[in-house]
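What follows is one chain in structure tokens, specifically the form predicted alone.
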């Protein structure tokens, strides 16, 4: 049996604040198979980005990360020594604002060369050839000119392509893409999503795609997990999730999407607000907002339950 590329079991991330301990991620379980694009979706503040930062070892000192298992291809990511060996080399991350991620004082070529030399130990000529190959691979025309350009001389879409080239410079197996199209216009968004799918198909790349946009999930992802208040509410094949959602929160998200004929009409909304994360929740974190809430939802913990092949939900309705 082939081991999954990424395995997360019981991930908890918390932060010390003046108001108390803020629980950003609570007992999160996820598994990513090799070569898939996995979507992590949910509203702002649900723990998507914090999960990614925990994987990369980028949680600030005020935070605490704990898990029963956190591994990349069998390598324990909870070990700082192991993490330093695989971060950037076998897993890499791109962020939603490429202009803020690229160093404005160095050319694209200088930044690419630094990453390539650090991880692959190539000589100058081989480093340059590798940089040109990467820029070609992410669809940037005239790569030699791009190498000489500074970030501000590129458009937003070109900057994001350069960021993807930087992330893949060492031949990473796992690419974590945190809202990679948010800062781009719709046409460029579609191009970047096509690029990610093409890279997966050509190189066998595994992608963890973090987004709040269900349209992006529908276009791009093979499987998806819906997060709410730091917990997985539902996970399924993408087609399954859109065809037969189970969790009331997932129903609420899908119900809020604009549809043909909805112009001028009020969109559906989920009443209430997300829990603060400061006070521990005994039962389902969605209970206070759920239209199908039962007494047991407020007190009994909810592990994910399988409801169909590759489809699991954390809800007492099932």
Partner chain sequence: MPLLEVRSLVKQFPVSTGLFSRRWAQAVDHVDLTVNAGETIGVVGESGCGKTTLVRCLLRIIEPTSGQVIFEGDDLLGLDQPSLRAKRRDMAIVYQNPYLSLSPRLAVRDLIGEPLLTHTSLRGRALIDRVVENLEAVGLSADHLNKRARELSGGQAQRVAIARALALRPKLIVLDEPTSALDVSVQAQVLNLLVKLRAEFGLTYLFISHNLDVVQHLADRIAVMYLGRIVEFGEAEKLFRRAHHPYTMALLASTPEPDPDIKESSVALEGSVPSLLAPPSGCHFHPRCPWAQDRCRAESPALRVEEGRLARCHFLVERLPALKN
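The model shown is predicted, which means the values in this text are computed figures rather than measured ones. Residue numbers count along the first chain shown, from 1.
Beyond the structure shown, there is the form predicted in complex with its partner chain, which is absent from this document and is the topic of what follows.
Using a 4.5 angstroms threshold between heavy atoms, residue 219 counts as touching its partner chain in the predicted complex. For residue 171, no non-hydrogen atom is located within 4.5 Å of its partner chain in the predicted complex, even though that partner is not displayed. Within 4.5 Å of any heavy atom of its partner chain in the predicted complex lies no heavy atom of residue 251. Proximity of residue 121 to its partner chain in the predicted complex falls outside the 4.5 Å heavy atom cutoff. Taken together, 68, 78 and 282 are entirely out of contact with its partner chain in the predicted complex: none brings a heavy atom within 4.5 Å. With the partner omitted here, the residue from 148, 212, 114, 129 that has a non-hydrogen atom within 4.5 angstroms of its partner chain in the predicted complex is 212. Partner contacts here mean any heavy atom within 4.5 Å of its partner chain in the predicted complex, and among 140 to 148, 82 to 90, 190 to 198, 121 to 129 they occur only in 190 to 198. Along 37 to 62, these residues reach a heavy atom to within 4.5 Å of its partner chain in the predicted complex: 43, 44.
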